[in-house]
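First, one chain by itself in structure tokens, the form predicted alone.
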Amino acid sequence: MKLLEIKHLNKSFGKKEILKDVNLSLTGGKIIGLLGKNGAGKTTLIKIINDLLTPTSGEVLVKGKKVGIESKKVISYLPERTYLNKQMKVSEVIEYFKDFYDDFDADKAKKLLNDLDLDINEHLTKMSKGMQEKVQLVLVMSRAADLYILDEPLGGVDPATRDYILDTILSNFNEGASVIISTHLISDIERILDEVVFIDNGKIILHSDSDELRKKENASIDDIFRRMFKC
């Protein structure tokens, strides 16, 4: 059974078409880069997979079932913008996740936070944007989900921290699960990608194994992307 199947997916806002006949099939055990320019439709697609937007037509299946309450139980989602209550302490957020998600590992979260020198007794409101994003990523990766969807997980962190975060993603997702990473920082993440999906103007124009694509084009994923999307 496919982990994620997207069939003839379309999404419009009024007369504006955002996604156009999107078809995609993903298996477990992969790290997939969802890559495209700003406004290409990445976040809209992610929101539909997470049942936060309703498609105009087409369907999305997670483990063979339509998105809904059951799919939310097996998807761990990191949105582009933080949604946490900033008046809470990090420790309180951990307890909240522990109560809300059966698959949340509080001990793992505490270890990862400690590795990142983040104080669990600190209020989120006293943390920088980058620190808040680290906290949110740790919470997402501390779930034993089947599908992790990360929308711009490196956007607010300094370059020195990015490698640690990528290694955290690599070593902490559930065995047999897959990770979808949407980002514009391709050169930073391409070393961990098994597959890439290029999306442009609401359409998927390429879905390939990363190594095969690099070999075929004799170039890095970042260089291939720049060539294909040259302005």
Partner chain sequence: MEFTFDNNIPIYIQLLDYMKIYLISGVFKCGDKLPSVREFAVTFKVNPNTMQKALAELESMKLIYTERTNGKYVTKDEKVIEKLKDEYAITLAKSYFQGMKRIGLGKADSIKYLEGIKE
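Just so you know, these numbers come straight off a predicted model, no measurement behind them. Numbering follows the first chain given and starts at 1.
What comes next is about the form predicted in complex with the partner chain, which is not displayed.
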The stretch from 199 to 207, 41 to 49, 22 to 30, 57 to 65 that lies within 4.5 Å of the partner chain in the predicted complex, judged by heavy atoms, is 22 to 30
Mark residue 53 yes when one of its heavy atoms lies within 4.5 Å of a heavy atom of the partner chain in the predicted complex, and no otherwise.
no
Is residue 193 close to the partner chain in the predicted complex, meaning a heavy atom pair under 4.5 Å apart or at it?
yes
Would residue 215 show up as a contact with the partner chain in the predicted complex if we use heavy atoms at 4.5 Å?
yes
Any non-hydrogen atom of residue 175 within 4.5 angstroms of the partner chain in the predicted complex
yes
Is the partner chain in the predicted complex near all of 170, 211 and 219, within 4.5 Å of a heavy atom of each?
yes
